[in-house]
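Below you will find one chain, with nothing else, as structure tokens; this is the form predicted alone, and questions on how it binds or moves follow later.
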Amino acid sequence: MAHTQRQLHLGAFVYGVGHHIAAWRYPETNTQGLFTFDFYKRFAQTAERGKFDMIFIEDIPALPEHLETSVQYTVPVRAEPLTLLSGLASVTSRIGLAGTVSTTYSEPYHVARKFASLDHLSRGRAAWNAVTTSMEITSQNFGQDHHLDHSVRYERAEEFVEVVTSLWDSWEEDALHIDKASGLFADADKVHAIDHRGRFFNVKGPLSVPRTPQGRPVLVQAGSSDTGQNFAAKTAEVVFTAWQTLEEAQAFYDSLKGRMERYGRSRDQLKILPGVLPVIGSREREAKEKEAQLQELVLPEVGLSMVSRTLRIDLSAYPLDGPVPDLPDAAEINGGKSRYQLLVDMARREQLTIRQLVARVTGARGHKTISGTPEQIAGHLESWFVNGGCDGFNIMPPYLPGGLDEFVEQVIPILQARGLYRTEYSGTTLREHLGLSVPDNKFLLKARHQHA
């Protein structure tokens, strides 16, 4: 298949002991490793051996509302991302370290300080996935009776990112002198209070951490709604998303990149990485059997509860082999609008029964599942990439450690042989891996404008 010299970007997505909801029951999964550092160390070092751009750790600071299902039959517990990434920084040297922190249930100064620290400790490999948090019950863990409305969450997120990036810029790159002879540690004229006063936050600054090796940690975003796309077009440098078809992925790619010009940004300043769950076998039949084995481990009530949460409707009241019931417009819900719409579109397009929809979603939660040989997996990734569906992928191993081992050992060499993927890292920072420039410092830009 013909392609340009443009190359794929890959994230390795850590999600418990594997992305499939029944991964913890699969015989080849190291379920006991969930809270052992060696489990994550192996994941990170395997991904680095595969020359991945980054590892990515999601976070939801709450357990699902229906504890009797989530706690009894699934693995809803997670390590806190910044704690884990700080440890992984010490056992890796090149791979990027991306972690999720909510803009709805955090404070900008804390987030700016933590990710700036991680960027220093990792020598320029940190990335922040800024999410607004879709799970409504989260509010009750943070002293709030109600989850903010979708639009308000994004308004808060936009101001949150503005504050964090200003704090990251509050030290100019050459502010530090560390001159023992003269006694000058830093040039005070190059350290700036940000004096932010806004609708949601009042933050004086400056940050207590100097400018980082990347200038700023890389900004990641994951919303695909119309509001989420505008937010990403203005601020994000990487977007994680979920699509089932190439046509959907192409439409999203063009829609999001087409919005960037209005914010004074070029299309290459943002990388779009859809999630893909690869089930790999030496033959296609073997891969299908592996996928079927994982599906057989899903208890019916678990799958039904998972889809019901996403669709905000109790599906247990409807026949399993009947059609998905009529659902409200995405504009009417206050959760994850884009994922909600993705499931609705999938059910309608393919005329799925509730049972079929559950089977489709329990593996990758709405992301694309590909089961096949390494050549088939590589071919699918190449097709989406060269046909304008993405800039790369966020790889979601169905179980661990084997799911990532198989991808690195069997699929990566094919992508490399086709000239689609690096054989060695050419840089040391995550920005260099992604081909992203160091952002201009806001205070220097302001000074230039004043003197122009």
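One rule holds for the numbers: they count along the sequence shown, beginning at 1. For clarity, every value in this text was computed on a predicted model and none was experimentally measured.
This protein has a second form, the form predicted in complex with another copy of the chain, left out of what is shown; the following refers to that one.
- Here the chain stands by itself, but in the predicted complex one stretch of 385-393, 415-423, 54-62, 401-409, 54-62, has heavy atoms within 4.5 Å of another copy of the chain.
- Taking the partner from the other structure, another copy of the chain in the predicted complex has a heavy atom within 4.5 Å of a heavy atom of Trp24.
- The shortest heavy atom separation between Trp128 and another copy of the chain in the predicted complex exceeds 4.5 Å.
- Under a 4.5 angstroms non-hydrogen atom cutoff, another copy of the chain in the predicted complex lacks Thr46 among its neighbouring residues.
- Contact annotation for Phe185: at least one heavy atom lies within 4.5 Å of another copy of the chain in the predicted complex.
- Checked against another copy of the chain in the predicted complex, the residues Gly228, Gly275, Gly366, Pro206 give one hit for a heavy atom within 4.5 Å, which is Pro206.
- Taking Leu299, Leu352, Val152, Ala251 one by one, only a single residue has any non-hydrogen atom within 4.5 Å of another copy of the chain in the predicted complex, and it is Leu299.
- Heavy atoms of no residue among Leu304, Tyr318 and Thr373 are located within 4.5 Å of another copy of the chain in the predicted complex.
- If you take 57-74 and check each residue for a heavy atom within 4.5 Å of another copy of the chain in the predicted complex, you get Asp59, Ile60, Pro61, Ala62, Leu63, Leu67, Glu68, Val71, Gln72, Tyr73, Thr74, in sequence order.
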